[in-house]
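Next up: a single chain in structure tokens, the form predicted on its own.
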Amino acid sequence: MVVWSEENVVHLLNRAGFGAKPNDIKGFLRRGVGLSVEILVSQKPTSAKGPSAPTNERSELKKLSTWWAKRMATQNARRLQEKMVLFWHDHFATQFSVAKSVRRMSYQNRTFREHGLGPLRTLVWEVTRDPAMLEMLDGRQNRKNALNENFARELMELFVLGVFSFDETEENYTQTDVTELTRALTGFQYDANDVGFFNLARWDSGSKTLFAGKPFQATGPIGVEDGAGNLLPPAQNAIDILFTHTDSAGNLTMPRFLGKKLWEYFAYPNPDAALIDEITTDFRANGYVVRDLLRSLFTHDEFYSATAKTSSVKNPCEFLFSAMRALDAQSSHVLTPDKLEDMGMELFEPPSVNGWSSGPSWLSSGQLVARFDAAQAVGAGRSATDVKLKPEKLIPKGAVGEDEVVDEILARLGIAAKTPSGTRQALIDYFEGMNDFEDEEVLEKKVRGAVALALQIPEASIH
């Protein structure tokens, strides 16, 4: 049974969003774990989208990136929704440099916001007909008698099944399956307004066989849509057929594949099969609705374990936005996309169809220097255009010693219990006995400097 503590509230809000302000913590602490998680997962879909100029100008992409960065940094009720938009952007990785349209990237971003917590079947369908993805993986070139396998291959390899079974003892598909699925996915295009559609005349309507010789083999005129904008029935629908895939022991492949990826995104690497089967029980039972999986994940005792709180490196969005929330810093976020790019996470430009490399790779030498620069910018922030931090807000009421201020900064950042005593003492010593916190010089030099230094210790990048 989860003990609902301030530490666990901070952990939930850091992982299921981008950090927490002090008042957020108090509110969620009163609600308890069940209601807190329900508030996060039950947000209704929204069609909110950023600037969507029909152009490939980088200056217009910057406007879209700024809009989304600000939304991630400031959303409260919809914080998990925005976190999942980032997850799906990484999962269904699509590059602006390939899609070549701000509007297409904006529309895809909206699709993740509309469908990212709902039925996975609908989300995969929307991605299949998404103009940005049709460019990224050549789906619009895939038509009968002129097949292009790129999307079909990645749909199985990266998006739904994975190359191997959970225990990595079996291959999940063959080259023949790639070819047959490619035939099933023919016919998708987009119009002059960047709206995806299915062109029945370009679809290969012949009989196909997926997963020949397997218990879940499917044969027939397999496709996705019926030509009138409706999904085909499950026996003919390629997406539904992928969802029936099992390993040799009869375990469904897709729930384990997605459950593992989400657990690793929100908790820690390399979970065992028993844990993943536990958190995907409702997901499997209720028609593969993503919020059901997330609800089970965030209410599981193991999510609040010490391992789950110390085994993952914050990605650049998590690092910057959680720090700004915790310290109650403000920004227009005009410069935020540049900071994220310097730290290795250029929005709308993941490095490949595999998405961003996670974990320790976020702390490579060049990216670590950029992370330190971002920490300095937060601590020094005096401009609402970039970052505006009011150091006086970080002084506990009645504080008379620098140790109290250091402890407040570490507590705000959620790392007080994780920071080694020697590191804490070094931050206290940094004040050099300057503890008149009504003195402008102390606030502007020492408190701001302590913020920057606290954000540069290893614990500030781990959650």
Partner chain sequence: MTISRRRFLRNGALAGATLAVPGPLQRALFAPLEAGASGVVDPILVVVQLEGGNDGLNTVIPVDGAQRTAYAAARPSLQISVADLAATTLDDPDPTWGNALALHPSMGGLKGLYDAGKVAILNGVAYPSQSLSHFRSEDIWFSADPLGPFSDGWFGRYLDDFYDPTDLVTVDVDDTLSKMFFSGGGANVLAVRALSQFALPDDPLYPDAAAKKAALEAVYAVEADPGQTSGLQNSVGISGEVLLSKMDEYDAVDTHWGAALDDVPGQLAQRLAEAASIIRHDAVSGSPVGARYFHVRLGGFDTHTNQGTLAGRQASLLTQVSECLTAFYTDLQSINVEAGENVSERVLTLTFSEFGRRIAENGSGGTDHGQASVLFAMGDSVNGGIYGGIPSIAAPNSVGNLVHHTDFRQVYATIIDNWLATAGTHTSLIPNGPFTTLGFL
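Positions refer to the first chain, counted from 1. This is a predicted model, so every value here is computed, not measured.
Although not depicted, the form predicted in complex with its partner chain is the subject of the following passage.
- The stretch among 335 to 343, 321 to 329, 230 to 238, 387 to 395 whose residues place heavy atoms within 4.5 Å of its partner chain in the predicted bound form is 335 to 343.
- Proximity of Ala146 to its partner chain in the predicted bound form: non-hydrogen atoms within 4.5 Å are present.
- When contacts are judged by a 4.5 Å heavy atom cut-off, Lys21 does not count as touching its partner chain in the predicted bound form.
- Shown alone here, Val124 lies farther than 4.5 Å from its partner chain in the predicted bound form, counting heavy atoms only.
- The closest heavy atom approach of Lys214 to its partner chain in the predicted bound form falls outside 4.5 Å.
- Out of the listed residues Val313, Val195, Ala273, Leu200, Val313 is the one that sits within 4.5 Å of its partner chain in the predicted bound form by at least one heavy atom.
- Residue-level contacts in the predicted bound form: of Leu252, Leu120, Cys317, Val353, one residue has a heavy atom within 4.5 Å of its partner chain, and it is Val353.
- At a distance of at most 4.5 angstroms from its partner chain in the predicted bound form, all three residues Glu157, Val163 and Ile462 contribute at least one non-hydrogen atom.
- Residues Glu341, Asp342, Ser352, Val353, Asn354, Pro360, Ser361, Leu363, Ser364, Ser365, Gly366, Gln367, Leu368, Val369, Phe372, Asp373, Gln376 are the members of 337 to 376 with a non-hydrogen atom no more than 4.5 angstroms from its partner chain in the predicted bound form.
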